[in-house]
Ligand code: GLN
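Given as structure tokens, the chain that follows is alone and in the form predicted on its own.
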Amino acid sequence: MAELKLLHMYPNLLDLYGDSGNVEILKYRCGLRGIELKVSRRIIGDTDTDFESADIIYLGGGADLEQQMLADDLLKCADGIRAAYENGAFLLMICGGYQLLGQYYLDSNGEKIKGLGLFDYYTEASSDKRKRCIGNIVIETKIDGESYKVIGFENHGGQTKGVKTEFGKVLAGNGNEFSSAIEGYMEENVIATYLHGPLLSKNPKLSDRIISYCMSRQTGEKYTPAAVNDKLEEECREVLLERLLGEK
């Protein structure tokens, strides 16, 4: 049986809006293709985290308090995460995880949390805690050259700036900043986004994009996940897109 390894960072702290469900969805969709997804976890204080063998490194979302709690420990992981990223491991980061791998996050209390500096973007929140980007959101991205609408839920006070390669164009909702035209950050082996939900439950093609990338990297040959029955998922997406975009 084929095998992929996922490193789940701080699952006890970074789990807003069911974000840990993204791991379960990846495991499920891998299983449909005869792939075992082995999951390991990093908790604050661990000293034996294996970054080198990870095919996927996952960080979910967390509020300001949780980000402050884990910031120092995350900085200790900087070399391991950077080496894994440069070696081609896939990074999936949601909300707080997205913010923490940039240059810094300035929270609503004026506290500056140093990021890993893996990417050039940075995030600053208004001192007015009532100013937040909240609600359902739809963006349009490219998967293997084809347009794909990504559905999620955003709730963030932080405004992320300096993004050079966005995850997608905003069709409904805010995005990286209030009324922004773009959302998230993306590279070939990176998806960073504010979309909760969890993200992968509403967007099965994203799961398969990650699986395809990781299996292709592992085997050295182009891997195309076998087709599965996504009838229910697609029907749900149609309802949501009609509700949010007026599409039929």
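Numbering starts at 1 and runs along the sequence shown. Please read these numbers as outputs of a predicted model, since none were measured by experiment.
Just so you know, the form predicted together with the named molecule exists too; it's not on screen, but the next bit is about it.
**Report entry** the named molecule: the contacting residue among 37, 190, 215, 63 in the model of the complex [heavy atom, 4.5 Å]
**Finding:** Flagged contact: 63.
Report task. With the named molecule left out of view, choose which of 175, 152, 96, 168 has a non-hydrogen atom within 4.5 angstroms of it in the model of the complex. Result -> Checked against the cut-off, the match is 96.
Requested in this report: May I ask whether 105, 132 and 156 each come within 4.5 Å of the named molecule in the model of the complex, counting any non-hydrogen atom?
Outcome: Answer is yes for this spot.
**Report entry** in the model of the complex, segment of 63-71, 215-223, 41-49, 201-209 with a heavy atom within 4.5 Å of the named molecule
**Finding:** Looking at the partner contacts, the answer comes out as 63-71.
Requested in this report: Report whether the minimum heavy atom distance between residue 23 and the named molecule in the model of the complex is within 4.5 Å.
Outcome: Taking the distances in the model of the complex, the answer for residue 23 is no, it never comes within 4.5 Å of the named molecule.
Requested in this report: Determine whether any heavy atom of residue 196 comes within 4.5 Å of a heavy atom of the named molecule in the model of the complex, and answer yes or no.
Outcome: Flag for residue 196 set to yes.
Query raised in the report: Closest heavy atom of residue 240 to the named molecule in the model of the complex, within 4.5 Å or not?
Result: Flag for residue 240 set to no.
Query raised in the report: Quick one: is residue 9 in contact with the named molecule in the model of the complex, heavy atoms, 4.5 Å cut-off?
Result: It does not: once the named molecule is placed as it appears in the model of the complex, residue 9 has no heavy atom within 4.5 Å of it.
**Report entry** Contacts with the named molecule in the model of the complex - residues in 72-86 whose heavy atoms fall within 4.5 Å
**Finding:** The stretch does not touch the partner at all.
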